Each structure stands twice: as structure tokens, then as C-alpha cells.
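Only one chain comes next, encoded as C-alpha cells, the form predicted on its own.
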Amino acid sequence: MSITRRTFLETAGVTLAASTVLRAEDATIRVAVIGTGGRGSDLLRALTTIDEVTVVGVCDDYPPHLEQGAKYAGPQAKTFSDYRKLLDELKPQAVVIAVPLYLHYKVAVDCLSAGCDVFLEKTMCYTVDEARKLTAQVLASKRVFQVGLQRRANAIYKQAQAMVAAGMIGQVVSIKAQWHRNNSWRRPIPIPKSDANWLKLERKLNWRLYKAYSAGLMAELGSHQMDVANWFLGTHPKRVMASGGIEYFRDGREVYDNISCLYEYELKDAKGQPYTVRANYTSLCNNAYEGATELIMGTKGSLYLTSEKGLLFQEKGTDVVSWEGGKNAADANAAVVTAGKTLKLSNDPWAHRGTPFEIDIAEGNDTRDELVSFVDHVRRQDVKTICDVNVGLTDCATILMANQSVERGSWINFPF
């Protein structure tokens, strides 16, 4: 497989350009942001860099977060502690929602009922039943709706997906994905533990650590990687077996501090014969080796992906030791017996990589790019967003079935 930069781009059929830029003469979109914590603030800051957007209001029920959001939004934005009052008073055209997972369904439904187009952070819903109901309500409303799985807007991932679709790495045979970090995921509480409000505030700020509010590592991190697997394979998994637990951070949390999953996808090869692709996913809180990455392995090559760079490794082919005949057969067999391996470098992790072809961009911000795309769809009232409600539903089911597998200790089939 010989690749030059020209054939690389032409074969993939896409460019590394960012999402569509709106025309200056178009009217600005009136946007409100509900939830101005860590992720909400990231989205808010990105929104303020898009000329076609006017942030008309921000909402959060935690005063320090609301104050922070107001600062990022600017003096034209009104502040609210109750999102329903924001919807009634401001009547924004579009709403960006970044609240804790257990509130996603309720807030999204209220925004749709108020006639708003909706950008909803991942994971789409706290339960599969909520995700099903929200899907039906979005489709009935005919509102623009997008889920915040920003790899769908990342130029590197778009390029890589096009390469897979074009057959540049051959038949996909396996996927390895991970999000590894080395921190407790726990946020400090700004009041002493002796304060009567400490427990309530601790749950509010550390909601990701408790099952009543969060679906843990799979929802907050794994949703991104498994969406990549679904997207690149063009289907959802058939089933999953997962194992997880609280092994290191024994600090009162209820969600796992590590999880390992084996997903099985049923596909058909070029001849129409069925075959299985297995996707391995892990998430750790006490080791950050290789961070957040995906490795898509095919018969002709492999794609190693991160949000800032992608690498294409071409397969060199497989060398085979001759077991019979030829004057060197005895030497080969002896080498196998004494060395315990059939290839000189078969156990070397670097032996078959070769020099990679880089998928790179000079600059990029996939959080901003996904919002630019959303705003463009709002302006054109195009409901086919880059990550629509059906994508969100599939992703939600994919990650929640892994948690269910851990709890039951068995294989779990895709729920629909």
C-alpha cells in the first residue's frame, strides 16, 4: 500500500478543515447555557469565540459556578439559578446543556417543550429508557438536537473514519481503546467537614462518584471511545462482558475506579461472510499510560488515534518459519526450541510498526468545532447534526450495558 499525502487525502475523501463557518451577514443565534461547572464553562468559553452566537443567559444552581459562567459569558448575559425561569424569560433559540447526568432527560425535555434547539452533553441520558423516550420526543419536535461527542467534529477522527470506510487499512479485525488517568476524580469541598452543609455540597460537586447521579467511568469517559468504535464500524455491539470495581480509591465513592470491557460486533466481510470484531476498552484512575487513545487494527494497517494526532501504521506482512524441507529447516526448528519463538522479533512490540504516516492538524479545538457545527445546523434548521439523537441513543445503550454486565457478572446483549 503506497501512500503519498495527495493520494492520502483524495482516497479518504475529506479534508482536515474545521467545521463550516457561518456567514457574517447571517443573524446571530441567541444561545443560553444551562450548567456552568467544569464542562459547561469549557463549552461557554468556546461559544463566546463564535461570532454567530450571542450568549443571552447562563444558569447554575451553585453560586460559584454561576458567577464563573457570568464572567465567561459577558455583561449581556442574564444569570439564573432556575433554568425554567431562564426559558420563560429569555426564550432562547438554542440551549447548551451541561448538567449532571441524572438531570439530562428532564432538562432536555423542558428545553424542547419551550421550543428550543438543544445541544446536550454526553452521555445522552442516565438510563436507556430515558434515552428511548427522549429520542421519540426529539423526533416528534423536529428540533435541532446534538449530543456532545466531540470526536465526531475532530478533523483527525473524521479523516481516520474516512480512511477506514475507503478500505485503506483493510478489513477491521480488532479495536483497542482506553482512557487512563492518574487522579482520584474527586473535587475539593470549599467548606470544612464539620459544616452541616458539607455532605450535601460534597454530593453536588462530586456527583460523578455516586450512582444516584452518575454512570461512572463508562458514561463520563467511555462514551467517547465506544462512540468511535460504533462510528468506525458502522453498527452497534452485539454484546459485552465487563469487569470493574473500586480497588484503589476507597474513599466512599460508589462508581468504579477501574473497568475493563470486551465488546463483540457482528459484521460482514467483502464476500458477505459474517465475522466478529472484538473491541477491548479499559478505563483507569490510577495509571495514565497512553492516556485517551483508540487503536483501530485492520488487515492492511492500523490507526492509532488521539485528539491531537493520528498515526497510520502499514502492515509489513507476516514472516513464516519453515518447519519442513530446505537446508535451514533444522536451524529454524532449533531456534524455535531454544528461543521459544518462531520469529526473531515476534515478541517485540515495535517489530511490526514501521514508520507511521501522520494525520495532523496545525491547530484545532474539537469542543469549539462541534459547537460551530451545531450553530450552523440551528441557523439552517437542519436536524441531521453530526451527532444526532439516534447516535446518542446507540452510544447511551452501548456504555450502560457495560455497567450492567459488571453488576450481573455476565454477558449483556445490546438492548434493542
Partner chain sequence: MYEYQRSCEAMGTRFDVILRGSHGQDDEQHLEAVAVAIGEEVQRLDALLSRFNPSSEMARINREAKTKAVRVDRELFALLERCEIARQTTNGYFDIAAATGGAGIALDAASCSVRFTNPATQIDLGAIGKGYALDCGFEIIARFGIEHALLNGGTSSVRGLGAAWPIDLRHPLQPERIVHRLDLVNLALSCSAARHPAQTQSDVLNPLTSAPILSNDACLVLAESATEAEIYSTALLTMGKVNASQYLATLCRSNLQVKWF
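On a predicted model such as this, the values are computed, not experimentally measured, just so you know. Positions refer to the first chain, counted from 1.
This next part talks about the form predicted in complex with its partner chain, which is not shown.
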Inset, instruction - Report the residue, out of R143, K176, R186, H180, that has at least one non-hydrogen atom within 4.5 angstroms of its partner chain in the predicted bound form. - result: R186
Inset, instruction - Scan R39, R30, R379, R368 and let me know which has any heavy atom within 4.5 Å of its partner chain in the predicted bound form. - result: R368
Inset, instruction - Please check if G74 has a heavy atom lying within 4.5 Å of any heavy atom of its partner chain in the predicted bound form. - result: yes
Legend entry - in the predicted bound form, D251 touching its partner chain (heavy atom, 4.5 Å): yes
Legend entry - Contact test in the predicted bound form: I50 vs its partner chain, heavy atoms, 4.5 Å: yes
Inset, instruction - Would you check, heavy atoms only and a 4.5 Å threshold, whether W198 touches its partner chain in the predicted bound form? - result: yes
Legend entry - Interface stretch in the predicted bound form with its partner chain - options 236 to 244, 220 to 228, 106 to 114, 189 to 197, non-hydrogen atom within 4.5 Å: 189 to 197
